[in-house]
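Given as structure tokens, the chain that follows is alone and in the form predicted alone.
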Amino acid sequence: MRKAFPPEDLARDSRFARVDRMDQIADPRAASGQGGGRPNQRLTPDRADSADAARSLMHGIFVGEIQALEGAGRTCWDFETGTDGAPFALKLDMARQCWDEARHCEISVKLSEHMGTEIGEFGESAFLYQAACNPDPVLRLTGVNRALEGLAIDVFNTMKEFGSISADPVLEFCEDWMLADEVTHVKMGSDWLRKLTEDDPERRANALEFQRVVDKLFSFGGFRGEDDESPVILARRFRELAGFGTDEIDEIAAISAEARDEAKAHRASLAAQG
């Protein structure tokens, strides 16, 4: 089986439509409040577009779980044990994550049906898998397990709260179940980052910088943050359980705020151009 499998060759059936996430972020309609919602409003049942917003987010979770499964599986295969920085114990953790992600795919499909969504109703960006293609296993851990699985913690916690507020026990229970797994996945990334870079501070610094880049890209113009303008709320307590320090969480909040301000400026510039 080939190594370093490219994103464009991922197997998908005719239901899936690939989209460029950067185009979506730059699209001035991305935070236009379509369906009656206020731009970048927190996801609650009070939003006029809450049903569509929740279904879109659920579909995003589903395709993210597919790519997380593919990415963890590639890490098990792409690196030779003991010769290029991927200890056998790390591969065991990635294999365990594959098991979790496969279960999450099944849960997400059933939840999507429960919420009235069909596979392929919304587009799929391959950015999560692209982050899992980094040739350095440490950067894969920071890009995927810490940055993107960290985002999953925030998303699952938000969806769990949405299920609770909207009196949907099925959604609330399933999101809570998957949230527990995501905390474990992020904790594995945090632990392995420290182990693999224990004697190499430069490599650790480079990995954390890569994580910051991914975190900013996946802040989606302020999509994730700590105020009412952020649909997804930063889950501080669960991130602490997953190995994040207070300074790291503060930095992610600042990155999200910066991304929101940049997105506002970009939309204003597009509006001025007509």
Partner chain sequence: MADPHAPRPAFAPWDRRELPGSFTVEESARRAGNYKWIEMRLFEALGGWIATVPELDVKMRLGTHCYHHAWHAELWHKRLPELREMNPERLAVPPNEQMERFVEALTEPEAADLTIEKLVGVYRVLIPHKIAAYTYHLNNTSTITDAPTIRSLKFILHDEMDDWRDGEMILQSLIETPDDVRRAAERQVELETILVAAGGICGPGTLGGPTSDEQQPHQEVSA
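Numbering follows the first chain given and starts at 1. All figures in this text were calculated on a predicted structure; none of them were measured in a lab.
What follows is about the form predicted in complex with its partner chain, which we do not show.
Though the partner is left out of this view, A257 does not reach within 4.5 Å of its partner chain in the model of the complex, counting heavy atoms only.
Although the partner is absent from this view, L10 contacts its partner chain in the model of the complex, with a non-hydrogen atom inside 4.5 angstroms. Its partner chain is not drawn, but in the model of the complex it has no heavy atom within 4.5 Å of L217. Not displayed here, its partner chain is approached by G73 to within 4.5 Å at the level of heavy atoms in the model of the complex. Though its partner chain is absent from this view, in the model of the complex it lies within 4.5 Å of a heavy atom of just one residue from A102, L179, L171, C133, which is A102. Looking at 138 to 146, 90 to 98, 192 to 200, 153 to 161, the stretch with residues near its partner chain in the model of the complex, meaning non-hydrogen atoms within 4.5 angstroms, turns out to be 90 to 98.
Every residue of the trio M1, F62 and L69 has some heavy atom no more than 4.5 Å from its partner chain in the model of the complex.
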